[in-house]
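Heads up, the chain below is alone and in the form predicted alone; it's given as C-alpha cells.
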Amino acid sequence: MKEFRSGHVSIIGKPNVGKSTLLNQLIDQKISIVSRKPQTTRWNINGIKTSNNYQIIFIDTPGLQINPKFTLNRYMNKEVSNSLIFVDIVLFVVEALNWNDLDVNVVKLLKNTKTTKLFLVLNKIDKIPKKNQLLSDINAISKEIEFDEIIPVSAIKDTGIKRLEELVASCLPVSQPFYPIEQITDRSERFFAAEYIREKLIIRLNDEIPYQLSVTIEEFNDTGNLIHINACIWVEKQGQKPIVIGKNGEVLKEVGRLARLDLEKLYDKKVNLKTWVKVKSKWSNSKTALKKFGF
C-alpha cells in the first residue's frame, strides 16, 4: 500500500497567464473566477484535490504586479508573497513564447524565497503551431532560474494537466490529509456568491470599469431548498453606477441571471439573488474600505 502524501502547492505568475483556469482544471471544479482581463483574481484561493493516495492543496494567487500604485494592488502582491510561506512546491506559470519583464519580476520574488521544489509550467501551448519553438523558450527561461521540473500544458484544453498533477503528488511529503476528503476549498459559500457576481460584471462591462468594482454579500440565507442572497455592487464614481445598472436595468438583470445560474450549479439548489449598486469613493485606495470588502 502506498504511503499517503499531502502538501501545499502555490500557483504564481504574472497577470493573465491562466493560473485560475489551471486551478479549476486541476481540481475538476470551478472555484476561481476567470476572465480575459488581467488582475481578475484578488485573493489567494485554496483548491483541494484528494485521491486515494494524496491530497494536494493548490493555492491560486493574484498576478504579481510591478510597483503597484493602489492599496488594493499592494494587497494583491502581498497575497502572492504570503502564498510562498510554508509551501512544498511552487508552480511558476508562464505563457509560452511570451516572456517579458513581468515574468522577470516573479523570478526576483522566487529567488528571495526558500521553497522545496520549483516547477516551470509553460501554459497556452495550444497557441503554438510549432512545438519545437518551446525548446528555445525553455532554454532561455532556465537561464533565469533553476527548475526541478518543466511541464508544457494547455489549461484551457486540459493538455498535460494529469501529468502535472502526478508529478506534483510524487514530490509531496508523506503526511495525513489536511482537510476532509470531500472538501474542495477553504472558501465560504458567501465568498463564491460575491466572486461569481464580480466575474459576470467583468465579462459584461469588459473595458469600462472592471477594476473599480467590488461585491459584498449583505445577506446569505439558506432555507434548505432555496438560498436567498442580497448582494451589493460597489463602484468608485457616481457616473459608474448607471453603467453597471444599464438602460432599464438590463446589465444588472443579465449579470444577476448569469451569476444565479452558476451559483445554482455550485450549490445544487435554487438561488434567489437580489443586487444593488452603491458608490464608495476611491475604495481601491482605502484601507478602511478594503477591510470592509473582505481584504
Ligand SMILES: Nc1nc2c(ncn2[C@@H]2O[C@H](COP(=O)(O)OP(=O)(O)OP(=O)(O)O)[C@@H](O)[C@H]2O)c(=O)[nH]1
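Computed from a predicted structure; not experimentally measured. In this text, residue numbers run from 1 along the sequence as written.
Although not depicted, the form predicted in complex with this ligand is the subject of the following passage.
- Using a 4.5 Å cutoff between non-hydrogen atoms, Arg36 counts as a contact of this ligand in the model of the complex.
- At the 4.5 Å threshold, heavy atoms of Ser83 stay clear of this ligand in the model of the complex, well away from it.
- A residue is said to contact a partner when one of its heavy atoms sits within 4.5 Å of a partner heavy atom; Gly256 fails this definition for this ligand in the model of the complex, lying far away.
- When this ligand is considered in the model of the complex, Lys127 lines it closely, a heavy atom lying within 4.5 Å.
- This chain is drawn without this ligand; in the model of the complex, the residue among Ser214, Asn77, Ser154, Thr185 with a heavy atom within 4.5 Å of it is Ser154.
- Of the candidate stretches 262-270, 243-251, 40-48, 66-74, only 40-48 has residues whose heavy atoms lie within 4.5 Å of this ligand in the model of the complex.
- Contacts between stretch 3-23 and this ligand, counted in the model of the complex as any heavy atom lying within 4.5 Å, involve Lys14, Pro15, Asn16, Val17, Gly18, Lys19, Ser20, Thr21, listed in sequence order.
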